[in-house]
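Here you get one chain, nothing else, as structure tokens; it is the form predicted on its own.
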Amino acid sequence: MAQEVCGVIAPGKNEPVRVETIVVPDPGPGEAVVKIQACGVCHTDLHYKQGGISDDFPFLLGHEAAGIVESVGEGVTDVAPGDFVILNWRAVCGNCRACLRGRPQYCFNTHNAKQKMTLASTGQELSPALGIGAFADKTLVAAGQCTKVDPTVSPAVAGLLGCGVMAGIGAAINTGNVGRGDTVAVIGCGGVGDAAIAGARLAGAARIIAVDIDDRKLEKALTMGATHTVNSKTSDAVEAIRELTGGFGADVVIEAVGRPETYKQAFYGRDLAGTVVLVGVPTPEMKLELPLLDVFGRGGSLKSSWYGDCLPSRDFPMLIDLHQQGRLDLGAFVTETVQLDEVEKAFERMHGGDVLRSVVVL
């Protein structure tokens, strides 16, 4: 039987979000209903609210979540009611050319639940953020979006792997292939950037340079594993990175902002054969101009990181284990916990740079 629960809706472009009653249908074939325990407030949710992702309003926001599987539909065998799961937004198909070549992290046919959740008051269909919609007591997802992990971990920290923290760690380890002794620069020290710093530290980087325009964020970056900081508001970021790397530039530069000007800093701040990883999310109107000769004149690689190039079934349990061993402090990313009706205020604090992550606890 369909259920009515509370959820946070973005009704229109740049309109304040509000808590509404939504209808969650019973899971159909290949689907699962998950009782949400915690969900991080990610910048991507703010992008949805601002119309920067699409105009398919109203959106059911929230996607960085963990919770308990309540029920599953026909044919679901990988998860069962009672399982503690982290939700992911790239449920792989297993049949596309990437999956069949053993590269499921690049699946070209990722999927979400086929049924739609709706507004109880009008019956209007909702667009769940990244196919999840977890600022809600319960949500409907494809069963492949559920990844089982150690149930003893706190939901407030586990859910962060569902997006920002995984994106940052994966940008360093999976996409950037950071190795022992490497020099790494991270431009943009929000949640994703700090996760990239933590990932570079896990990988054994010798020098990790944090770049931002906010001294508060740079101080936090030092606690996450950065060895040096650069305030690019008062210093030339490229020159500072070169000075800290013997004049060469960094082996890997991770751009966690998603703007043309910071991408150029990353491009010119890398070593001659270094790697640039773009993990910051641009908006549709942004354009990048670079002299083609400068692209030709450097080796290395220019990469984009899709969700940290992660494979949730592999990476989520591994990172939870590292957290449980005390080798990855996921709790350091949680600045505050809030309730569903405080999401709008959490957006304001995030936009002001006052938090690393607010987490909605249900």
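Residue indices: 1-based, along the sequence shown. All values reported here derive from a predicted model rather than from experimental measurement.
Absent from the display: the form predicted in complex with adenosine-5-diphosphoribose (APR). The rest refers to it.
Asker: Within a 4.5 Å heavy atom cut-off, is residue 257 in contact with adenosine-5-diphosphoribose (APR) in the predicted complex?
Answerer: Because a heavy atom of residue 257 falls inside 4.5 Å of adenosine-5-diphosphoribose (APR) in the predicted complex, the answer is yes.
Asker: Please check if residue 43 has a heavy atom lying within 4.5 Å of any heavy atom of adenosine-5-diphosphoribose (APR) in the predicted complex.
Answerer: Heavy-atom contact with adenosine-5-diphosphoribose (APR) at 4.5 Å: present for residue 43.
Asker: Report yes if any heavy atom of residue 99 sits within 4.5 Å of a heavy atom of adenosine-5-diphosphoribose (APR) in the predicted complex; otherwise report no.
Answerer: So residue 99 does not count as contacting adenosine-5-diphosphoribose (APR).
Asker: Going by a heavy atom distance of 4.5 Å, is residue 144 a contact of adenosine-5-diphosphoribose (APR) in the predicted complex?
Answerer: Heavy-atom contact with adenosine-5-diphosphoribose (APR) at 4.5 Å: absent for residue 144.
Asker: Work out which of 281, 93, 119, 202 lies within 4.5 Å of adenosine-5-diphosphoribose (APR) in the predicted complex, going by heavy atoms.
Answerer: Only one listed residue qualifies here, and that residue is 281.
Asker: Under a 4.5 angstroms heavy atom criterion, identify the one residue in 112, 262, 105, 229 near adenosine-5-diphosphoribose (APR) in the predicted complex.
Answerer: After the contact test, the surviving option is 262.
Asker: Based on heavy atom distances of at most 4.5 Å to adenosine-5-diphosphoribose (APR) in the predicted complex, which listed stretch, 144-152, 219-227, 186-194, 239-247, is the contact stretch?
Answerer: Looking at the partner contacts, the answer comes out as 186-194.
Asker: What residues, if any, in 6-39 have a non-hydrogen atom within 4.5 angstroms of adenosine-5-diphosphoribose (APR) in the predicted complex?
Answerer: Nothing in this stretch is in contact.
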